[in-house]
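Only one chain is given next, in C-alpha cells, and it is the form predicted alone.
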Amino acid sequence: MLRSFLFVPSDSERKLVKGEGSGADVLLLDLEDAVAEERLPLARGLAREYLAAHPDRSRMQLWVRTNAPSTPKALADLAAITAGAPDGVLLPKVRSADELVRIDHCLSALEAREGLQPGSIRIMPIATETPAAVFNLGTFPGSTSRLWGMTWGAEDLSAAVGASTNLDEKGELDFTYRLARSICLLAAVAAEVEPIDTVFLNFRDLGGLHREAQAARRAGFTGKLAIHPNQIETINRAFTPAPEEIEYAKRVLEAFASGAGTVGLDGKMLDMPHLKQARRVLASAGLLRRSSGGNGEFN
C-alpha cells in the first residue's frame, strides 16, 4: 500500500539523501516545477544515477515527475531516466487520455531499449491541472494498463483559469477546485486505480495536515502527496487503519463467511457495501488475502 509520495528536487543530492530517511512509501524525483530550466540536464543525470544506485525498492519506491506530456521535454526526461528503471512516472498537466497512450508507447520503446520488463514502469497523471483534463477524466479508464493511480492539483488549475486564488473567503478550497477533486476521485475509482490526494502546502501545520489527510481517507483517497519530509509520518498514520478498524473489519468478514447477502452485527444490518469497505480496510492494512470464493480471508 502506497500512502505517502514525497517530492524531492532531482538536482539536489542533499535533499535526495534527506528524503531517504523520511519514511515515505514513494520518493518522487522531480524534474518539473522544482528544477530550473538551465539545471534540467543536470537533474536528469542525477535522477538516472540515483535510480541506478538504488535497485532495491522493497522499502521505498522511486518515481519520477516528468515535464508535461504536451512538451518536448517529457520525452527527453523519459529517455534520460528509463535506464534507472523507475517504478513509475508522475505526469503533470495531462490534458487527455491520448497523452497517456503516447507516454505508454514511449515507455514501451524505452523499456525495450534498456532491457526492462515490458509495462514495468507505471503511470499516474496529475489529472486536474488543466481545464480540458477535468472534462476528459472519464476517458482515462482503459487508456493504458500502466495506469496505477490518479491524483489532482489546484495550484496550476487556478493559474490556468486566471483565478487570483483557489480559496474562498473562509480560506477553504473554492467550489471549482473541490469539484475537480471529487471528479478525480470518481474517475480513479471508475478506472479501478488508486486515488491519491494532493499536497498540503503549509508544511509547518501538521495539525491541519492531519485533519486534511483524515478527511481525504474518509472520502476514499488511499494516499497523499507531500512537499516536506516532516509531513510523512502524519500522512502514513492517517492512511493506516487503526487497530479498532482492523478488528471490526475482521468481524464483518467473519459475519459474511456463511455467504449471506445481509447479516446482523452489533445490532445493525449490514449488506454488500459494508463487506466491500471491510475488505478495503484489511487490504490497506496488508492483511487481506483473496480467496477463490471472493469473500477473502485474512492472514
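Counting begins at 1, following the sequence as shown. Fair warning: this is a prediction, and the values are worked out from it, not measured in the lab.
Omitted here: the form predicted in complex with coenzyme A. The next part is about that form.
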In terms of non-hydrogen atoms within 4.5 angstroms, which of the given stretches 130 to 138, 106 to 114, 199 to 207, 75 to 83 touches coenzyme A in the model of the complex? 199 to 207
Give a yes/no on whether residue 186 approaches coenzyme A to within 4.5 Å in the model of the complex, heavy atoms considered. no
Taking any heavy atom pair closer than or equal to 4.5 Å as contact, tell me whether residue 279 reaches coenzyme A in the model of the complex. no
Does any heavy atom of residue 65 come within 4.5 Å of a heavy atom of coenzyme A in the model of the complex? yes
Even though the partner isn't displayed, in the model of the complex is residue 228 close enough to coenzyme A, meaning a heavy atom within 4.5 Å? yes
Are there residues in 1 to 32 with a heavy atom within 4.5 Å of coenzyme A in the model of the complex, and which are they, in order? 6, 7, 8, 9, 14, 15, 18, 19, 30
